[in-house]
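Shown next as structure tokens: one chain only, the form predicted on its own.
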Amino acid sequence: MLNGVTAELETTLRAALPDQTFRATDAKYLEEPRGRWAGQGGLVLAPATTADVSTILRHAHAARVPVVPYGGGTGLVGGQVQAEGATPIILTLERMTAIRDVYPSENVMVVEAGAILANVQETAAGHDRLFALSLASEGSARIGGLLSTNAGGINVLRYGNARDQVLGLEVVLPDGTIWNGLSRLRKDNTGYDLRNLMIGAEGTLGVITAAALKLHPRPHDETAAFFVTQSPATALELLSLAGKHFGNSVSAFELISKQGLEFLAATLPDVRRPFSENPDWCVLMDVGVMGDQFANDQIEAFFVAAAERGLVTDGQTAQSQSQRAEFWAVRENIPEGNRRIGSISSHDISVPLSVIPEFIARGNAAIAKVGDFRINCFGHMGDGNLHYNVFPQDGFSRDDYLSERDEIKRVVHDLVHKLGGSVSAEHGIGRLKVDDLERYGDPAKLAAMRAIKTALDPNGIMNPGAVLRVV
């Protein structure tokens, strides 16, 4: 049984922490981007040090008061807001933004969890290095939140998810104990992998306060290209050919549908679309080469080879870095176009690469049996992660179809599960997908997760209601 924040607990914390730790309960701490939940007000605390985080959790643990960690607020599954239950402590790491150390010769950077992703990228660039995690919200998303959700983004094909960008962590456990796991080692076989346990736990097992991040050499030359392809099946063949042609130099391979481009034209006409007529399907590919190679030469040769095989019918290669940025602006604004149209049900799913065409065909047919809808299927085809979103026809709004939302989600997720996929590819579980995890999750895995949760957080104070129902 959890207790809400009391005046007595606040008095105790005020005696133990600097005045600057205490924040007004601003609306930003109670909102999430999709507007599905409104968090309840609580005691908002912004610690400046790991020791302060430890103090907060130690007192919360003793008083059995819930703690909701808050990063940049960009999460899409409600993991950062608690709409009901005992009044929580809202723990924001917005003051813990330091870049503690950079080790260029090791390709390592140590940062605090409140550091904003774009600032981490800029610091790496200042040392002629690349921090490869990249996504649309990088101007506001914070490292702690990105690691807590094991964020994906556009570079997963080459560099992996957030989990693959980390060597070590500093974490405050639910009782206030500090795990000093901030290792820069690339090999460490000393027992259980607590680092990967904490990454993706969405603040339910502790609070990440700092991370040792992997850096990479910056490519000598980079470019992007749009290719028109006949179908998802030919796009998959194009991806295979790209692997043979470029090896690991392809950092992104994004599938884009005609519907997504039409949404952009309707809602964001200033975003320059790549073709005068929107093709049914196209891909955006990004390539970065090393040594004395030139990306444009390679990608143009690749286009010729792909056209000879009938895999592409048109294409455009960025002729400058500004044009490359324009190409990426198309992809990065598709979610905003979606938001302005208003989806009935959005799905962050992954399936094995070889069944992507089957999933799209069967998914479209299944949704058509539910009703007459528009579907915008797009996303990171290179790693099997699609955003499969269902919209009303023109002239209607999503509010007209709220009664169909659950059926649509069930149809999509049932198919994903049947095809050996995941109903959460990169956004996490949060509070939105707790029922989905219980429905589709392996029973042995769920039992192990509950056992871990109970062992590390016996009072259940950490982000209650997110990820897992502890029974």
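We number the residues from 1 along the sequence you see. Keep in mind that what you see is a predicted model, and the values were worked out from it rather than measured.
This next part talks about the form predicted together with a small molecule, which is not shown.
- Query: Using a 4.5 Å cut on heavy atoms, which of 76, 271, 355, 239 is close to the small molecule in the predicted bound form?
  - Reply: Of the candidates 76, 271, 355, 239, 76 is the one lying within 4.5 Å of the small molecule in the predicted bound form.
- Item | Selected contact from 288, 382, 152, 88, since only one has a non-hydrogen atom within 4.5 angstroms of the small molecule in the predicted bound form | None of the other options qualify; the answer is 152.
- Please determine, with the chain shown alone, which of 198-206, 121-129, 289-297, 312-320 has non-hydrogen atoms within 4.5 Å of the small molecule in the predicted bound form. Looking at the partner contacts, the answer comes out as 198-206.
- Query: Contact between residue 52 and the small molecule in the predicted bound form at 4.5 Å, heavy atoms?
  - Reply: So residue 52 does not count as contacting the small molecule.
- Query: Any of the heavy atoms of residue 135 lying within 4.5 Å of the small molecule in the predicted bound form?
  - Reply: Yes - in the predicted bound form, heavy atoms of residue 135 and the small molecule come within 4.5 Å of each other.
- Message: Considering non-hydrogen atoms and a 4.5 Å limit, does the small molecule approach residue 69 in the predicted bound form?
- Response: Looking in the predicted bound form, residue contacts with the small molecule include residue 69, since a heavy atom lies within 4.5 Å.
- Task: Indicate whether the small molecule has at least one heavy atom within 4.5 Å of a heavy atom of residue 417 in the predicted bound form.
- Result: No.
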